[in-house]
Structure formats: structure tokens, C-alpha cells
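Okay, so here's just one chain, in C-alpha cells, the form predicted on its own.
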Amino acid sequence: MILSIESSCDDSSIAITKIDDYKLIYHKKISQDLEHSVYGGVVPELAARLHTEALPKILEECKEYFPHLKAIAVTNEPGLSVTLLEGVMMAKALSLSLNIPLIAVNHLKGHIYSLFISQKALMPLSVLLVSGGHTQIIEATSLNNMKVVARTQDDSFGESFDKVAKMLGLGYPGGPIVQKMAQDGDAKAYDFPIPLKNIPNIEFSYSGLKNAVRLAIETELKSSPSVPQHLSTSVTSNICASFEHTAVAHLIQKLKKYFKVAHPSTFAIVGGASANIRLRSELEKLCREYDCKLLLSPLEFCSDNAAMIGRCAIEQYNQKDFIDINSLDISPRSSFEAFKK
């Protein structure tokens, strides 16, 4: 078995995975959403302190598995440096005390392996990764052969939901909240421009759409001076619905360009923002149109979790891809740089 640890951002998570059949034996995650919602986003130092409380509590439940462990796996890149450090320190201590190998896992590769929890990996495939600050298309042939072929110029898909939610005063995390509000809204209420619509390049951008939403909010607030700094529920729902519609339309438009060029036989979507219902629905239509098999992570494994880290670690364990305890370091570097090695 492999014990895996995830602490790249604001989720404390530990999992136990069997090496021979990929079966997930144990998995627990403690979210920090409530603590960070007060600030409208993740506060790194607060997240680190909460990890120091949560990770040991989860680990206490795993002691019965210690005699069966063959390795310790931990996320070491990319992510918030102060939170990555918490997981890495625990992983080093466990590796040393149990005298078993240490495996350093790339967080983004972990998201790709979230598609294969408790099962054998299916590759090659093309992947849309929409997680945290990342929006990119990755072509994955194997664990060690993954290439980023398109990415965002600025804000990511997920970030844009968080920022729109913050502008509307809806709280954090923005993805689930905006999606819920959008269900009661009119997606045609606001004609937000689809980013890079007339640009042939396969790349993404959300800064312009975010600004269009900001201007719409300001216009609505000016039209209701009797109730300053407050929008009605119906207006808020319409803004959310129109924004979500445009944000997804941008992804689908660029993915159509990619499908026409790359002709993938298998396509997948991973990352926390891949839980968006509209995005999943539109991708299903797109894959049917191009006769492409679509893979989706179970909703419980879309956001950051240790189960995906453990599943990826099995591939590395089988390749004896271990790291010396004194060499294991953290790297908050960009998603592109993280895939270059």
C-alpha cells in the first residue's frame, strides 16, 4: 500500500491505495472553505496553520495501515509554498520513521490520474485541466510524456468564477455558488463577449470576460440608487447565468478548434472546475459530435484530494521513481514549468 498526502492549497487530505490492484482503501479530506470564505479567497498562512491541525488528525486514523505501507507519496509541486511544506514535512517524517521510500508527485499529474481511481490508466488521451489557476489542454501519452499544448493567457476558468462571486458578494469558493445561482437565471440576459472569439489560436483568456461582468454589475448598481451596493436575487442570478454560459462557450469554441486539428480519440476533463454541470454537458455534446470517448472524474475526486496523488504514485512506484529524503523540495512554479521535467 501507499500512503499519500495532499496539501497544495486549502484541502488537507490523506489516502491509502493498494499497489497491485489500484484499490482505494482509505480516503479523507478536510476542507477549509468555511475559514477562507470570510476573506473571499485562500489566505496561504491561514491554510498552512489549518493543515498543521488537520493532517495529524487524519493520519491518526491511518495507523492500522502502517505495517502494510511500501511507500509515502506527497504533492510537492505546483501549489502554495507554505501549504506544500506542511505535507512534505509530514511525508519526510513518515518515510524516515517507517524506513520506506518517498515519492514526490506533481499535483497536475495527480489530477489526470483522478480519472483512474481504483482502475488501470487509459492512455494516450487529451485532457482539459481546469483546476485553480490552471486552464490548459494537455496531451498525455504516459506518466512521463505529458505536453501542454494550450493554456490561458491570464485568469483561469476556475479563477474567473471565484472573482465573479467575489464581485457579487456571494462568498468563496465561487464555482459552486455561481453555478447554483445560474440555475435560476437567464443565460441570455447579458450579452457578454466570448473571449478571443475571432482569434484562430487555441488559447484561453478570462480577464476580459471578468471585466465585462464588473461593468454590468456597476451599471445595475447605478440603476438602483435607492438600494446602494445591493443587487436583487434575480439580477444576480441572471449575471451568473450569462457569465457561466459565456465562460463555458469560450472553452467549447477553442476545444472545437483543437478537435479539428488533433482529432483525439479519447478526451477528458479534470480539476476542481470540471465539476461544473454546464461544462460537462457541453463537452458530452462536443465529444459525440466528433465521435470521441469522454472520460470524467467522479465528482468527489474533481477537487484536490490525496486519492489522485496515491493513484499517480502507483505508476511512479512501479518505475521505482523514488526521491531521497534530503532532496525532496517544494516548488510553487507554474503549470507549464511543472511539466517540463
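Just count from 1 along the sequence shown to find any residue number. Note that the coordinates shown come from a computational prediction; the quantities given were computed from them, not determined experimentally.
There is also a form predicted in complex with a small molecule; it is not shown, and the following applies to it.
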Per contact check vs the small molecule in the predicted bound form (non-hydrogen atom within 4.5 angstroms), the hit among 190-198, 103-111, 82-90, 259-267 is 103-111
Interface check vs the small molecule in the predicted bound form: of Leu50, Ala275, Val43, Cys292, the one with a heavy atom inside 4.5 Å is Ala275
message: Whether Ser297 contacts the small molecule in the predicted bound form should be assessed with a 4.5 Å heavy atom distance threshold; does it?
response: no
Would Gly133 count as a contact of the small molecule in the predicted bound form, using a 4.5 angstroms cut-off between non-hydrogen atoms? yes
**Request:** Please check if Glu159 has a heavy atom lying within 4.5 Å of any heavy atom of the small molecule in the predicted bound form.
**Result:** yes
Answer with yes or no whether Ser237 is in contact with the small molecule in the predicted bound form, where contact means some heavy atom within 4.5 Å.
no
